[in-house]
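First, one chain by itself in structure tokens, the form predicted alone.
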Amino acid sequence: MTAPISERLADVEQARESGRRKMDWAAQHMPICDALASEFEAEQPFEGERIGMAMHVEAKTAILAEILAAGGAEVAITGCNPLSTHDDVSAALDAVDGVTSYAERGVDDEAYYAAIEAVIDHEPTITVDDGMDLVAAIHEDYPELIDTIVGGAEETTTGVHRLRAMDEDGQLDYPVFAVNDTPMKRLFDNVHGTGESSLASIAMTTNLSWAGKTVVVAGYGHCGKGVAKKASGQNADVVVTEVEPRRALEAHMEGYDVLPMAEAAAEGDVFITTTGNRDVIVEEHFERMQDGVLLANAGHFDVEIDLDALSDLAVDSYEARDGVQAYEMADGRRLNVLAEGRLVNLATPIALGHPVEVMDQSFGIQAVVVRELVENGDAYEAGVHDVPDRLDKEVAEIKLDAEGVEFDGLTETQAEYMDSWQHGT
């Protein structure tokens, strides 16, 4: 049985003190979560609910777990990536009333899934997931719990893709909100969050500049757009690779070079994958790359860069720098992989994830959809659901109010005009 993180650390009090400082700093910059915390503390909407979470356990996530517990829930949480947990934050979170944290950095696959099972042992009535591992484990191994689960929420692109495939196969047996797809998440978290945090993590891990480098961005969805935009803004030359013709055209018309990966491989200094798919960079590409390239993945799972093929090609492999593994080819070229090919903005040793303000918006959405499930769960059938627009707007309005930003509203005449099909030329 997996014990909570507090029982596995040598100096738990020091860890908790460090983690609490990180949480307090994040909380100062999360006005949406602060406003919702006040509401939840007063109204106790989650009393009697057990919320199971599999997320990146760092300071911002801890604030989400804390406000759910403040609203009356029993919260059990673990990580959703073996390298993204901050152990000190996990320990601090484990000390919060109503929260049990099992997340630990650097665990192997067996320990990773054992921690997910430990969360499931709490018999959650609501799930909050990032990547869908928790939902999958419940459906595959604990289907007897499904009848008591009100619903769930999924944070990330890859998780929503998995959920939609599961739903299309008729295998998703309770309602899950696609938090990733709602505007307050994808337009900010995916674009600005992924773009800023991925580039910051790479730069800090390598101590290298972006200026003058050729950055190859694989995929031009919302995350790829963010990476491309931020890299260009730091004076890099950006090349985009795509498999979807409309996105390729969009990248082209926004001024980026668009090439097949087989051609881009010979040009890039830095490669960042953002596709959510596997085998994006493979053996034929490694063979064309120049000495000293950086290889990083900003997708959820570590399948975008074929590390098995790279390892087979290499005559030597060694740690070139903390968080950077060098693979030396027979001809002397060195290809450098960051964070073991895992999520680069969260899995490098110095990674902090998305900026606090961005995650305040995403976790604000998570919090209100959990409230929606408690209040109106019976209205949602099993399957993937869009976040109701009224909830998305609620979170936007909290943010605008906190920023002191005023905006217009429609007059009655304007609202009637927009809702009518009868007004012509």
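Just count from 1 along the sequence shown to find any residue number. All values reported here derive from a predicted model rather than from experimental measurement.
Absent from the display: the form predicted together with a further copy of the same chain. The rest refers to it.
Scanning Val99, Leu307, Val107, Ala200 against a further copy of the same chain in the model of the complex with a 4.5 Å heavy atom cut-off leaves one residue, Ala200.
Here is the short version: of Ala136, Met289, Ala118, Ala236, the single residue with a heavy atom within 4.5 Å of a further copy of the same chain in the model of the complex is Ala236. Figure note: of the listed segments 121 to 129, 76 to 84, 182 to 190, 91 to 99, the one touching a further copy of the same chain in the model of the complex, with heavy atoms no more than 4.5 Å away, is 182 to 190.
Using a 4.5 Å cutoff between non-hydrogen atoms, Asp392 counts as a contact of a further copy of the same chain in the model of the complex. By the criterion of a heavy atom within 4.5 Å, Trp210 is counted among the residues contacting a further copy of the same chain in the model of the complex. Remark: Gln361 counts among the residues lining a further copy of the same chain in the model of the complex, judged by a heavy atom distance of 4.5 Å or less. Put simply, Ala248 is close to a further copy of the same chain in the model of the complex: some heavy atom of it is within 4.5 Å. Looking at a further copy of the same chain in the model of the complex, residues Ala10, Glu47 and Ile146 place no heavy atom within 4.5 Å of it. Heavy atoms closer than or equal to 4.5 Å to a further copy of the same chain in the model of the complex belong, across 80 to 103, to no residue whatsoever.
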